[in-house]
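Shown below, as structure tokens, is a lone chain in the form predicted on its own; questions about how it binds or moves come after it.
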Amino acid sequence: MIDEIREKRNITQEQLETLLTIEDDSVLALQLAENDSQSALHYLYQQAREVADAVYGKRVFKRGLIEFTNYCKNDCYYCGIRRSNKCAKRYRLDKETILDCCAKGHELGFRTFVLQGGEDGHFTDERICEIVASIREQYPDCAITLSIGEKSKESYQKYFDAGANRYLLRHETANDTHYRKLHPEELTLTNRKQCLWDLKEIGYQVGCGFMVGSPGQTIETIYEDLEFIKELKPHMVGIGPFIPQNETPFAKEHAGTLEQTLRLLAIIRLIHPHVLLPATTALGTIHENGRELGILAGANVVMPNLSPKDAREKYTLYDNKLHSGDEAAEGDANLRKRLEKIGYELVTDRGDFS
């Protein structure tokens, strides 16, 4: 079955259910990539690594994450920076601070900067374009990625014209009923998807994605996610486990699991050999070796944090979010060693879509 998925670059809902429900010691088999287990899931991860290695080699691309504002006009039920969270310690980085983060990142070898923030009205199109243009002028060799939510097509075009060339916008779920469980009434799945199509039409390299284990998620909704990804043909797919945040309506919900996230990373890699696939901070948060395990399941991107230390502590999308140690940009050397231990090289290449 796994060979068929790899060969056809497609999966049926029945196959998906089999791979997501089979009981296995796959995580133990993956720990240091030294286990000789011939279990089905170990084979799945092995095949996913083969596919990723064939396209990108034993290379892991690093992106410098700059979390520049935790103000947000939206009230998504899962998010720690939602507007209703009165306990959030709000902050904004000014242009000079953002450029300082880029300078530090460039010196450390980062060639992609990811500007991520809530949908903050303070950062008008004019301000975003000014920041983007300044980064583009100072670092013409770097890719500039934005992750700032739903905007009009006209706004996206302005950012693109200013020098941004990548955009990350998780669709969160491709099922409308499930979308309603995660978001307030004013947000719609129709608009979310349209934003992604607009970004592609403009010419961005586009990333979508979803949380694994979010409240209300089922095998059926995950299959719809995979079908939407196949239709959209994004350049990047960001998935990570849902982790509850204690000041949200989902504070008491169960977190997504390492096992399901790894299985879905591998499945996505088999279906989309060329996609850029991050081993996310959330994955590293729920397991001390989560990032390495993600790489061993087919991921090939990591996103260390370039934000000022006090800002990292306030960008609490979920509880216990990693923001220091090897998760931080200054942990670059340690991260490099950890990846070398499992046979991979951390590279400065921009890692454009192959």
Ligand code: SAH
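All residue numbers refer to positions in the sequence shown, first residue = 1. Here the structure is a predicted model, which is why all the values come from computation and not from measurement.
Another form, the form predicted together with the ligand, is not on view; read the next lines as being about it.
Within 4.5 Å of the ligand in the predicted complex, a heavy atom is found for every one of 78, 172 and 211. When the ligand is considered in the predicted complex, only one residue from 257, 134, 147, 205 comes within 4.5 Å through any heavy atom, namely 147.
Interface residue among 234, 241, 105, 284 relative to the ligand in the predicted complex, by the heavy atom within 4.5 Å criterion: 241. In the predicted complex, residue 192 approaches the ligand with a heavy atom inside 4.5 Å. Within this chain, residue 315 lines the site of the ligand in the predicted complex, having a heavy atom no more than 4.5 Å away. Within 4.5 Å of some heavy atom of the ligand in the predicted complex lies at least one heavy atom of residue 116.
Per the 4.5 Å heavy atom criterion, the ligand in the predicted complex is contacted by stretch 241 to 249, the sole one of 90 to 98, 267 to 275, 241 to 249, 137 to 145. Along 255 to 278, a non-hydrogen atom within 4.5 Å of the ligand in the predicted complex is carried by no residue at all.
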